[in-house]
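As structure tokens, one chain now follows by itself in the form predicted alone.
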């Protein structure tokens, strides 16, 4: 009979416990979306059909109030802003990363390594310290509360991460492959676009998905830089708090719909991570 070691049992206990901690909030939101206001006010209940009788009233009410709450508009804004800014950040990050890998730059004592480190350091700046600067700049450009303004803000914030990941991805591509393409008559742009970039498509996709998850869930920039026309899903969720208190049913049902794109993106990102396409970006 196969014996399970004590260390493996402890590992399983730790992993299961951590999984419960991580996924319990999602479970709580999901079950709360099926609770009537009476069930919510009764206190903590965990199991449908046992602790409370589930109902679709919150979802049906959400459908009735869709036009009043501009639900479609907010979801469409999030889809456009998150997708466009993620693609732009991944592309611009790829261009910058390729330049840092294939060309040498020197401005006084500053070289390629310093520039790369500068990108990473800028990503570590807390968003709350720069959001006011974005507001002032976008105001001068008449881009406050516009999709374009939000896209520019998100591209700027995600660009350092894209450069950092794509730089290591391009560094793993042998330069001889590009030289062979040029011998066959390809220009520098063609060798990059048709040869090198397809070889790092996995890392490119991972960058896009990571940026998309951040952009879809981002709240601070959306709160400060929008007032209504370019409002995103997190702003819609925040509107569940009214003068009468928090509308838990509406917020939970909205949250269920809002996390679906992030879950899909997370599953896709996990596939790329499992295949090792980000191995170059996490090497020491």
Partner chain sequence: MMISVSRRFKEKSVEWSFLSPALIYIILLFVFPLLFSLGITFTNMRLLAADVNFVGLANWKRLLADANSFIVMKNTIIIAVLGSFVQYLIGLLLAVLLNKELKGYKFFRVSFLLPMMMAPVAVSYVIGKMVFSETFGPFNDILFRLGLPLFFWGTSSIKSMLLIMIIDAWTNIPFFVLVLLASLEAIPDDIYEAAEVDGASEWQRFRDITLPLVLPASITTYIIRALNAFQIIDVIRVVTGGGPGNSTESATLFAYDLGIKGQDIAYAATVSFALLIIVLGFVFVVNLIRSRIVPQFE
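Positions refer to the first chain, counted from 1. This one's a predicted model, so the numbers in the text were calculated from it and none came from an experiment. The term rigid core refers to the maximal set of C-alpha atoms that superpose within 1.5 Å between the two forms.
The next section is about a form of this same protein that is not shown, the form predicted in complex with the partner chain.
- Using a 4.5 angstroms limit between non-hydrogen atoms, residue 69 is distant from the partner chain in the model of the complex.
- At least one heavy atom of residue 130 is located within 4.5 Å of the partner chain in the model of the complex.
- The closest non-hydrogen atom of residue 61 lies beyond 4.5 Å of the partner chain in the model of the complex.
- When the partner chain is considered in the model of the complex, residue 155 lines it closely, a heavy atom lying within 4.5 Å.
- Contacts with the partner chain in the model of the complex, taken as any heavy atom within 4.5 Å, map within 82-120 to 92, 95, 96, 98, 99, 100, 103, 104, 105, 106, 107, 115, 119.
- Once the rigid core is overlaid between the shown form and the other one, residue 34 counts among the residues whose Cα shifts by 2 Å or more.
- Relative to the superposed core, residue 46 undergoes a C-alpha shift of no less than 2 Å between the shown form and the other one.
- After superposition on the rigid core, displacement of the C-alpha of residue 260 between the shown form and the other one stays below 2 Å.
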